[in-house]
Structures are given as structure tokens and as C-alpha cells.
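So this first bit is one chain, no partners, the form predicted on its own, shown in C-alpha cells.
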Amino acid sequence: MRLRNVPGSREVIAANEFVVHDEQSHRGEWAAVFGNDHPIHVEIGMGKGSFLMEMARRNPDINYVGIEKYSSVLLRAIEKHEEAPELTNLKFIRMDAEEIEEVFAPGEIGYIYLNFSDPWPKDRHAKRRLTSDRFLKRYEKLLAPDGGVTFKTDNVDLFDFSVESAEVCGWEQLAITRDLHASPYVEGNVMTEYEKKFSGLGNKICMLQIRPPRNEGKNAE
């Protein structure tokens, strides 16, 4: 379970130079935030940030934005980042994913990563899942024409739901496996904290790579 209440976490976040505040004011202007026009990749629900930091380290010509809802979890990512301040292509936002269209403009995101998202197991909460049709429609609008989504989980029910959701929404399936670490797709894979934990327990990791239907003009306001 994620920590949600660490005294002083909000104050530390407010003072950190790599946390973007008033994020909605940067909508459509994220190139200015980073000071370059490199592609912007977003991880929604980044946890403690190890995945995103390694991605930023491997790909200096890509800008990364990590979205995390809980201050106490974001605090852990900030602490990790303080050990690698050279990663200037990495920014954090404390926000709810529901607000993503208020923060990024159509076509502004190059790629989206969803790693071990909350499964919201009750049927009445299905729309909150980050791979629901509600969220896929948002991503479709926000992604650049060549953009896509990579989703990883050890929750088979959530994975089945996600595959079906993508099919219903007409997304193209680029890669799929129900045992990532035993598949060819494991080459170049960057593991998250949860992935290391779950795979260490013998859980198979499911992975899905998809991209939206290619419709001209889909990113218009």
C-alpha cells in the first residue's frame, strides 16, 4: 500500500525545483518548461520514480513528466532525484490523472506509460481505471500522431479489461505478452519498483503496447 501521509511532504514538494506547480498554466507550453522542443513522455502514477529516472538517464533527448497523486509518494521520487540532479530532462507533477486534459494540450504528449496502475477491482469503479475507455479517449486526444501507450501490470483481470478496452476503442495492438520477462519484449525493459517486487515473488508481468486509431485531425481542439 502506498504511503499517503508524511508530515512536511507538501512543503518539500512546494520548494523543489523539479516539481512543476500551477501545471495547468503550462498547457500547450511544455517545451518552454524544459527549454527545448524534445518529445515529452509522461508516466501516470509514477510511484517512487525509479522507472522514470532510468528512462530519463537512458534517453537525454526526451523530456519526461511524472504524474503522482499522493504527496508522500512524490516525496520519495524527489529524494531519489536529489541523488541525480543531472537529470534535467525530468519533471514531476502532483495531480490526479483525471485532470490530464487541463495540463496538456492536444498532440503535446509523445508517449504515455502506465505501470502497475490501481486496478480498481469493483465494477462500479471501472471508469477510474487508467485503461478504461474514458482515459483512452483522453490519451487519443493528447498524444502526438506517432504516440502510443505502454501498460504493465501483474493483475490479470486488469490486463484482460485493458486489452478489451483498447479493442473496443479501436486502438492498434503493437505488442502483447502475459509473461514479459520470458518474452522477446523484455529486451530494453526498465523495471519499476513494483515490477521488481512482483516478479521476485514469481508473478508474471503482463505488458501491452497500443496506439490510437490513426485519424487525421484527431488532435484538433
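Residue numbers here begin at 1 and follow the sequence given. The structure displayed is predicted, hence computed values, not measured ones.
The form predicted in complex with S-adenosylmethionine (SAM) is left out here; the points below concern that form.
Student: Name the residue from 79, 133, 101, 118 that puts a heavy atom within 4.5 Å of S-adenosylmethionine (SAM) in the predicted bound form.
Tutor: Contact with S-adenosylmethionine (SAM) in the predicted bound form is made by 118 alone.
Student: Only one of 171, 30, 161, 194 comes within 4.5 Å of S-adenosylmethionine (SAM) in the predicted bound form by heavy atoms, so just point that one out.
Tutor: Looking at the other structure, the residue within range turns out to be 194.
Student: Classify residue 86 as contacting or not contacting S-adenosylmethionine (SAM) in the predicted bound form by the rule of any non-hydrogen atom within 4.5 angstroms, answering yes or no.
Tutor: No, no contact at 4.5 Å.
Student: With the partner left out of view, is residue 70 within 4.5 angstroms of S-adenosylmethionine (SAM) in the predicted bound form by any non-hydrogen atom?
Tutor: Result yes; residue 70 sits at the interface with S-adenosylmethionine (SAM) in the predicted bound form.
Student: Is there a non-hydrogen atom of residue 146 within 4.5 angstroms of a non-hydrogen atom of S-adenosylmethionine (SAM) in the predicted bound form?
Tutor: No.
Student: Is residue 105 near S-adenosylmethionine (SAM)? Define near as a heavy atom within 4.5 Å, in the predicted bound form.
Tutor: Residue 105: no contact with S-adenosylmethionine (SAM) in the predicted bound form.
Student: Since the chain is shown here on its own, which stretch among 42-50, 176-184, 161-169, 56-64 would lie within 4.5 Å of S-adenosylmethionine (SAM) in the predicted bound form, judged by heavy atoms?
Tutor: Partner-contacting stretch among the options: 42-50.
Student: Scan 85-107 and write down, in order along the chain, each residue with a heavy atom lying within 4.5 Å of S-adenosylmethionine (SAM) in the predicted bound form.
Tutor: If the 4.5 Å heavy-atom criterion is applied to S-adenosylmethionine (SAM) in the predicted bound form, 85-107 yields 95, 96, 97.
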